[in-house]
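First structure 1, then structure 2: two forms of the same chain, each alone, as structure tokens.
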Structure 1
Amino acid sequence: MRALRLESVGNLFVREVEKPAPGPEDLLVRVEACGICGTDRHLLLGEFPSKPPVTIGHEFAGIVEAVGSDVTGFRIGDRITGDPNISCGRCPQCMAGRVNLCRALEAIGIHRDGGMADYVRVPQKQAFLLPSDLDPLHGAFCEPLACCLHGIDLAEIKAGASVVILGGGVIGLLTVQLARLAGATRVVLSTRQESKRRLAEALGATDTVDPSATDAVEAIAGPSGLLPGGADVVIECAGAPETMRQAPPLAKAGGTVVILGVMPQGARIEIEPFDILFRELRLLGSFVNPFTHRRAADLIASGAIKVADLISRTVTLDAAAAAVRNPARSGEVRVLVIPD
């Protein structure tokens, strides 16, 4: 079979490799689609630690082709989505239910072979059923959606709440939809590209702001802004120091700021502790997808979360290395690899 192999930092090639043999608790899955995520580029550039040589791809879904001897609940022909993040189940964090903070956390597509390949081996505890009539490309959105869901859970959005989302990539556009589903009646997205603002409005954002044309904090939280005094919840989905700086002043007193975006490691911003204290802001990090993958799969299976318009382009395995290497083109939200 073919696989997109990260052979060392900077070296990504399609290689002919042995088809994985499922262990007793594994599924062998024929990949239907695998998303290309910013993390894949970070792995290639050595900005995120991985274990090369390894097949990359952690946002995959596909069809079960073979099952190990001890597998229950899955059959050949089932469509599944894989949760790539494998926790040990035994360390103090796992025992406390914080599996995403497991000190031995390993990810499919980062530390072990992933989904940018004809086939991927998935432990049964990491697999979640999808309907047989789902669009085969849509399953690739379960993993990013599961990460957004964790952020939404932490934000504790109440019915009628106001939410500001910074950054209109796939994470921001999924989070816009989740915020509406969670009951927010005002959802403001700030992102620079016009096409992403239009898409957000079609997907449920009540207002959008162009932070390159206006002062986003003033336009949203200023006295004559969209939400004078700020929002109940602000979710940073751009991963940029600039948007991180905007987040606390965009929250109203008593509000919550959730950081979903990954800033460059070591990046620093200035915050005003007095403001956090005096206005009792909650400032929370949200890392990956603890126990949210099943709900993410259900949200996509039911059509409650719309992903069709988030697919900008599909590429073959042969064109995937170039798609990983080059930053997304203007207007692009998600590029999917279709191995077939």
Structure 2
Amino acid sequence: MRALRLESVGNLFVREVEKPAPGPEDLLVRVEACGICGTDRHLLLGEFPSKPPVTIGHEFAGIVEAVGSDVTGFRIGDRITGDPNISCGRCPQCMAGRVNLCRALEAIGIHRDGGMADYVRVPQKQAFLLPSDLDPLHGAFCEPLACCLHGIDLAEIKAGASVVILGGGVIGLLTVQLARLAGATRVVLSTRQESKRRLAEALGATDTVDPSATDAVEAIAGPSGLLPGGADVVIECAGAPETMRQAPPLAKAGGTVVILGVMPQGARIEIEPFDILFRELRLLGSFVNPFTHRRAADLIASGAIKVADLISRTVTLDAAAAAVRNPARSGEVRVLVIPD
């Protein structure tokens, strides 16, 4: 079979590799679609820890082609989405229910061979059924949605709350929808690209701001801004120094700031600790998707979260390396790799 292999930092190629065989508790899945995530670009540049050589791709869905001898609950022909994050279940963090902080955490597509391939091997405990009539492309959104759900859970959004979302990529646009489902009545999204602002409004944002045309903090939290004094919750979804710096000043006193965006490992920004102290802000990191993948799959399957308009284009496996290497095109939200 063919697979997109990260052979070392900076070296990404399609290779012919041996088709994986499922172990006793594994599913062999024929990949229908796999999303290209910003993390894949971080892997290529050595900005996120991984274990090359490895097949990348952690946002995937597909059809079960074979099952291991001890598999229960799945049959050949089932459509599934895979939760890539595999915890040990035995370390202190796992025993405390914080499986995303597992000391031995491994991820399919980062440490184990992933979904930018014709086939991927998935442990049955990491697989979740999807409807047989679901658009095959939509299943690839379950993993990023599951990560957004964890951030929303941490934010503890209450009915009637105000929320600011920084970044108009796929994470920001999924978070807009989740914030509205959680009961937020004001959802402001800040992003430079007009097409993404219009899309955010169509998906539920009550207001949008162009930070390249105005001071975003003043336009949102200033005395004459959209939310004078700031928002109940600010969620950083861009993983950029500018938005990381903006996030605390956009929160109201007593508000919550959640970091969902991924910056390169080792990157630094300046913050003002006195402001966080004096206004008693909650500043939280949100890492991957503990116990949220089933909920994400259900939201996608029900249509409660809209993903069709988030698909900017699809590419073949042969074109996937270039799509990962190059910056996203203007206005692009999510590129999906279709192996076949």
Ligand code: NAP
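Shifts are known only where both forms have a C-alpha. What you see is a predicted model; the values in this text were computed from it and never measured. Here, a residue number simply tells you its place in the sequence of structure 1, counted from 1. Throughout, rigid core stands for the largest set of C-alpha atoms superposing within 1.5 Å between the two forms.
K.L.:
Pick the form predicted alone out of these two and give me its number.
P.N.:
Of the two forms shown, it is structure 2 that corresponds to the form predicted alone, while structure 1 does not.
K.L.:
Give the consecutive runs of 3+ residues, present in both forms, in which every C-alpha shifts by 2 Å or more between structure 1 and structure 2 after rigid core superposition.
P.N.:
Run 263-275 stands out as the only one displaced between structure 1 and structure 2 - at least 3 residues long.
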